[in-house]
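This document opens with one chain alone, in structure tokens, the form predicted alone.
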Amino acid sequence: MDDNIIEVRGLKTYYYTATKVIPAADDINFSMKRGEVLGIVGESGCGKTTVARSLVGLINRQNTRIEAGEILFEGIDLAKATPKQLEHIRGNKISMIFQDPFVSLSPVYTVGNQIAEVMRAHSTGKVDKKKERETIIELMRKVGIPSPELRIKDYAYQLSGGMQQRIMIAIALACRPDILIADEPTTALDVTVQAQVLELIRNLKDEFSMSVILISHNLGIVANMCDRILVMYGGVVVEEGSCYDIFKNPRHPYTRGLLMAIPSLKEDREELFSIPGTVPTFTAPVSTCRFADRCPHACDRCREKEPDFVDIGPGHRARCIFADKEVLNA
């Protein structure tokens, strides 16, 4: 894997109901280098969270299965890892921050106890309570919790949304993971607190020498945070490239639609642009272009087979038959 910290090959994660098969993540391929910030963007229902949960085995085994593919990390295929292997890796090597901290945090334990729980789960020796407390207070201080010596005894409901998310970051960093997965970490926060939390993640990423996977539907956030971006639609990656490639030379109609939907102070519009229609829920494996019904450039060829990736430049590719043609500029 050279200097790649994780490599995903042909990942297929499907949801099953009594009558349907939903290909939520369908043939996902990507790798991430050490120290890199990788953004995964797309509307709700495009498969972003399914990919993230598949990486650490946080899928409901009763109705969800990894049908195929490999997730290679430190010589282990996480797609086929045993529960014991995943238990060792989760929190210790790969940590995850979820959208809503109030849902993720327990209301019956203090925030200090919840940070300690992660540390104890991966401890190999006898716990020194005094040292543990000092470590927790230092972690809380690093994530910007004021007066951590007092706040360590607080419950989640006593903290603001921004402070709760900082506690979630402290929990995620408790064991100094190699990879931090942040799944819409600022969705429930106001704009000012969003900026503070993102700045915190950026600073901690450098301090702890982590790689970060940032999942978001907000392209503005991704632009300021990420080195490279995967654009997902309908369970597949439709475009991949550097942050510069995606924002300066988008080559998939969906990526272009997402960028056009960003409000701009430079343009005086009576109405904001939006992509017509909604993300469909596919109920069987798909063999055509998934974006065709919403695409202004769709033709018969798009509905005959799923497009292959077209290489645009080094590290930049798009899953569209028009990706390297001027028709997209019309």
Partner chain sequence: MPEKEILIEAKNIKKHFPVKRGMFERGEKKTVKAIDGVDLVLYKGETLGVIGESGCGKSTLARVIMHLIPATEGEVFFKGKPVDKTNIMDFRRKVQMVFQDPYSSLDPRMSVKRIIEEPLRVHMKGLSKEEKDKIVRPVVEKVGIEFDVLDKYPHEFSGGQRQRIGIARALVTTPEVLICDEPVSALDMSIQAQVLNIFRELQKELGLSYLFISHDMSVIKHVSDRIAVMYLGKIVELADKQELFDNTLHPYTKALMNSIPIPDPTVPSMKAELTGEPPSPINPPSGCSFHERCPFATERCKTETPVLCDRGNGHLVACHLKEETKC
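Definition used throughout: the rigid core is the maximal C-alpha set that superposes within 1.5 Å between two forms. Residue numbers count along the first chain shown, from 1. Here the structure is a predicted model, which means the values were calculated and not measured.
Just so it is clear, the following notes concern the form predicted together with its partner chain, a form of the same protein that is not shown.
Trainee: Heavy atom within 4.5 Å of its partner chain in the predicted complex: which of 243, 81, 204, 72?
Mentor: Contact residue from the list: 243.
Trainee: Could you work out which of 250, 148, 162, 234 is the residue within 4.5 angstroms of its partner chain in the predicted complex, going by heavy atoms?
Mentor: It is 162.
Trainee: For the three residues 38, 288 and 326, verify that every one has a non-hydrogen atom within 4.5 Å of its partner chain in the predicted complex; reply yes or no.
Mentor: No.
Trainee: At 4.5 Å between heavy atoms, is residue 299 in contact with its partner chain in the predicted complex?
Mentor: No, residue 299 sits far enough from its partner chain in the predicted complex that none of its heavy atoms falls within 4.5 Å.
Trainee: Would you please decide whether residue 127 lies within 4.5 angstroms of its partner chain in the predicted complex, comparing each non-hydrogen atom pair?
Mentor: The answer is no: residue 127 has no heavy atom within 4.5 Å of its partner chain.
Trainee: Please determine whether residue 294 contacts its partner chain in the predicted complex, using a 4.5 Å cut-off between heavy atoms.
Mentor: Close contact exists here: in the predicted complex, residue 294 approaches its partner chain to within 4.5 Å, heavy atoms only.
Trainee: Should residue 194 be counted as a contact of its partner chain in the predicted complex, where contact means heavy atoms within 4.5 Å?
Mentor: Close contact exists here: in the predicted complex, residue 194 approaches its partner chain to within 4.5 Å, heavy atoms only.
Trainee: Heavy atoms within 4.5 Å of its partner chain in the predicted complex: which of the stretches 64-72, 38-46, 22-30, 301-309 has them?
Mentor: Of the stretches listed, the one contacting the partner is 38-46.
Trainee: Can you name the residues of 276-292 that have a heavy atom within 4.5 Å of its partner chain in the predicted complex?
Mentor: Result: 276, 277, 278, 279.
Trainee: Honestly, after the rigid core fit, is residue 30 moving at least 2 Å at Cα between the shown form and the other one?
Mentor: No, residue 30 moves less than 2 Å.
Trainee: Quick check: residue 62 between the shown form and the other one - does its CA shift reach 2 Å or more after fitting the rigid core?
Mentor: After core superposition, the displacement of the residue 62 C-alpha between the shown form and the other one stays below 2 Å, so no.
Trainee: Could you check, with the core superposed, whether the Cα atom of residue 44 shifts 2 Å or more between the shown form and the other one?
Mentor: No: residue 44 shifts by under 2 Å between the shown form and the other one.
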